[in-house]
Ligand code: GLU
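Single chain ahead, written as structure tokens, the form predicted alone.
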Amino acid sequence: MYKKIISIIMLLILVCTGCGKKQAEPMANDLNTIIKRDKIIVGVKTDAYPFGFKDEKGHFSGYDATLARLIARGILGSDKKIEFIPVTASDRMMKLYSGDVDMLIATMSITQKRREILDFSNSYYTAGQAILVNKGSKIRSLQDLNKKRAIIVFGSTSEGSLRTAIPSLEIIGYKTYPEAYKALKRHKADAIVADDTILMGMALKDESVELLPKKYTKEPYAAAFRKGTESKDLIKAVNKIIEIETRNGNLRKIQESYGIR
């Protein structure tokens, strides 16, 4: 699955960069494009409470959306100068490289494989892979999933780590977290394995499921950008904003407001 995504994205890179560009054509600069447009377009999740979701009024909400508004304010002077585009774990990189969005702030973990095709900001949060089960389950650890079934979401980092840790595990994939959650409730599998931050949101809303306490990996979240020199100025601007908002305590306050540990 991941190799297929990489192949498609690399094809898009060739198309978007245009092998036949004239030498005299000015080099693209994403930050300048955003400033000229006077609007920043950000891909965020709507299926990953409390990081990305829509509130009762249909507004984009969560830690990621709030951070995106701070970035819009830092770059353009107003947190209103922003457009959100919904993305999922399986389509977010495609939407970035198709030009639908300027960046992704969508529970995107930094990994070595992703660094081959994406550029990242500094990390703004560290999550970890964890396990969600139905209440009363005998699953208490990763080892208990031996010869069992686990649910993952396509495009996340869960599948690779699980196949390495438990080769006998049967993995069932879904496109979105709500689909994965419904499958667990219907006992289609023994557990969901995903970032603890996303599973925490499910457990906060439903007492019939349980988030096991242990984290099995470290997953640094960061904003993701198209790989190339055109992204460098934008990344510097975003890093500066993340640095300022971390230092003044705003990011910690945002986390606490959404019940994020």
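One-based numbering along the sequence shown. Predicted, not measured: the structure shown is a model, and the values here were computed from it.
Separately, the form predicted together with this ligand exists; it is not shown, and the next lines address it.
- Heavy atoms within 4.5 Å of this ligand in the predicted complex are found in one stretch of 87 to 95, 141 to 149, 161 to 169, 178 to 186, which is 87 to 95.
- Although the partner is absent here, residue 106 sits close enough that one of its heavy atoms falls within 4.5 Å of this ligand in the predicted complex.
- Although the partner is absent here, residue 225 sits far enough away that none of its heavy atoms falls within 4.5 Å of this ligand in the predicted complex.
- When this ligand is considered in the predicted complex, residue 234 lies well away from it, no heavy atom lying within 4.5 Å.
- Although the partner is absent here, residue 192 sits far enough away that none of its heavy atoms falls within 4.5 Å of this ligand in the predicted complex.
- Three-residue candidate spot 45, 198 and 221; every residue lies within 4.5 angstroms of this ligand in the predicted complex by at least one non-hydrogen atom.
- Of all the residues from 133 to 171, those having a non-hydrogen atom no more than 4.5 Å from this ligand in the predicted complex are 155, 156, 157.
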